[in-house]
Ligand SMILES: Cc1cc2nc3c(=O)[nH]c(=O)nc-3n(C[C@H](O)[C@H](O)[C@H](O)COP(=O)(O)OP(=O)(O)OC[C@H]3O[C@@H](n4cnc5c(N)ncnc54)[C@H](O)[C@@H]3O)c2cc1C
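In structure tokens, one chain follows: the form predicted on its own.
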């Protein structure tokens, strides 16, 4: 994103409270996909996926992109009807997707629990072949190196303390290392959008939660896709090092904690073992939590804030990593021109007043 902000703009500074890649970029499960229902979301996330597909060459940095596909398991006849609706919507919107039957799911994921007494039977799956994973640290470092070469000042260990306001307009920020003035100020702080908005004097329709993830000890290659089960609320993929990367739903209580609570972790791991009993002997290697900013319609926010001169890129929920290339592109357009890119316009903050929301929670089942 920082690299993209240089397009059409000069004298760009990026302020990072901690260290490069130390925020949610370094705390996610690296999945990238564009399997959304509404046309507005498809335009945003599929642009991001297309940009990811050429990002390694563009940055001359190996981001370890692996398009191994994402499979969303279907566990009842009623869900199969909704899955067909979802696949049709994606295809109509120009995004490739397949509806797999049980035999095809068994062929692709033979280690799943297909026992007659399985708690969640398998009827089929939604499959997006272009989805997959990318190395999160490499994405951050590749972008940072490219931005640095374009003259961007990346200032780490620098905390924004307040926004400078003159004549009712944001004209810069006061930081722990001094003041920085700018014609336009951008706020892209996944996990702290509400806290920074409060410093600027307004409220956002955002609730922040902890989202946990964990990885197992490494094992030999056994699993070559990204699999999510809406019924168990668990998703899993295998890293290039052999670890099983495991994630699930949000912690129920709003929080800025970055560790999460044990009951939610137990729920996620229970779901994993329902799907893959053979993982029962795996030992966890590490666990972590990140803070996600969730909006009422589970879609991000782009646009000028209630404080003129201050622009927002936030509210991504769990979609921030997969949305980085497109988010950076449309946010760069906002900062360089002061106006919306055609893709970011539907995601303006004003949709919460007009009611023109993009409700992916209802459309694609993206709960966060």
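The structure displayed is predicted, hence computed values, not measured ones. Residue numbers count along the first chain shown, from 1.
Below, we refer to the form predicted in complex with this ligand, which is not included among the displayed structures.
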Exercise: residue 104 in contact with this ligand in the predicted complex, heavy atom 4.5 Å: no
Wondering, does residue 300 line up within 4.5 Å of this ligand in the predicted complex on heavy atoms? no
At 4.5 Å between heavy atoms, is residue 16 in contact with this ligand in the predicted complex? yes
So in the predicted complex, does residue 317 come within 4.5 Å of this ligand, heavy atom to heavy atom? yes
Counting only heavy atoms and a 4.5 Å cut-off, does this ligand in the predicted complex sit next to every one of 159, 196 and 288? yes
Given the stretches 30-38, 329-337, 61-69, 300-308, which is the single one in contact with this ligand in the predicted complex, using a heavy atom cutoff of 4.5 Å? 30-38
Going by heavy atom distances of 4.5 angstroms or less, which of 100, 185, 211, 139 would be at the interface with this ligand in the predicted complex? 211
Looking at 86, 73, 189, 275, which is the one with a non-hydrogen atom within 4.5 Å of this ligand in the predicted complex? 189
Residues of 321-337 having any heavy atom within 4.5 Å of this ligand in the predicted complex, listed in sequence order: 321, 322
